[in-house]
Ligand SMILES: Cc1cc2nc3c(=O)[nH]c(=O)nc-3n(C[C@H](O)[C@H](O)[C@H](O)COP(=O)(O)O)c2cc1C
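In the form predicted on its own, a lone chain appears below as structure tokens.
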């Protein structure tokens, strides 16, 4: 496989395309999968709570079981792996795990940690309706970084929103704490992605206000 470890950023973002046809039977080494996810974990998140988890499906039988749940999109079976990106509805529970090591290493003052812990707890308690928005927002940042990380070492991906949520939750025993945000296939492209266009900047940018 041709690696792409030296891609410049502008080349990387331009060459990342949504690929739907993959070379069958190619196994991605675990160390490469872990490196992709490790790079994706540098994505930003509110309070650095890292509101995401990712289920990695590589077993052929498990991928076939996901096929009807993914509305029979063949790339689920053909790709090397399927990522199920989950948003964390209770990311406030990550405060200690994320921030306490900084206190122990002397990087974060104890009073700052205490304030963060208090603020996040209050936010999730008083504004619980926002936990789903936060889960989707932050897990989406992780997902985009996941696709770029994959492309940077020579793999293609496609993000998929077309799947049945409840059957997926049941099949993969996903706890209530987590909500499926995206399904993503990853592997080596067997054909080029569809040609697409992008809106002009005039269609995208609003200066100062509508």
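Everything numeric here is computed off the predicted structure, so don't read it as measured data. Positions refer to the first chain, counted from 1.
The same protein also has a form predicted together with the named molecule, omitted here; what follows describes it.
Novice: Is residue 44 close enough to the named molecule in the predicted complex to count, meaning some heavy atom within 4.5 Å?
Specialist: Output for residue 44 is no: heavy atoms all beyond 4.5 Å of the named molecule.
Novice: With the cut-off set at 4.5 Å between non-hydrogen atoms, does residue 33 touch the named molecule in the predicted complex?
Specialist: No - in the predicted complex, heavy atoms of residue 33 and the named molecule never come within 4.5 Å of each other.
Novice: Check whether residue 159 has any heavy atom within 4.5 Å of a heavy atom of the named molecule in the predicted complex, and answer yes or no.
Specialist: Residue 159: contacts the named molecule in the predicted complex.
Novice: Though only this chain appears here, would residue 23 touch the named molecule in the predicted complex if you measure heavy atom gaps against 4.5 Å?
Specialist: Looking in the predicted complex, residue contacts with the named molecule do not include residue 23, since no heavy atom lies within 4.5 Å.
Novice: For the chain shown here without its partner, which stretch in 108-116, 70-78, 90-98, 130-138 has non-hydrogen atoms within 4.5 angstroms of the named molecule in the predicted complex?
Specialist: Comparing against the named molecule in the predicted complex, the contact stretch is 70-78.
Novice: 196, 11, 192, 200: which sits within 4.5 Å of the named molecule in the predicted complex by any heavy atom?
Specialist: Only one listed residue qualifies here, and that residue is 196.
Novice: Select from 84-108 the residues with a non-hydrogen atom within 4.5 Å of the named molecule in the predicted complex and write them out in sequence order.
Specialist: Contacts from 84-108: none.
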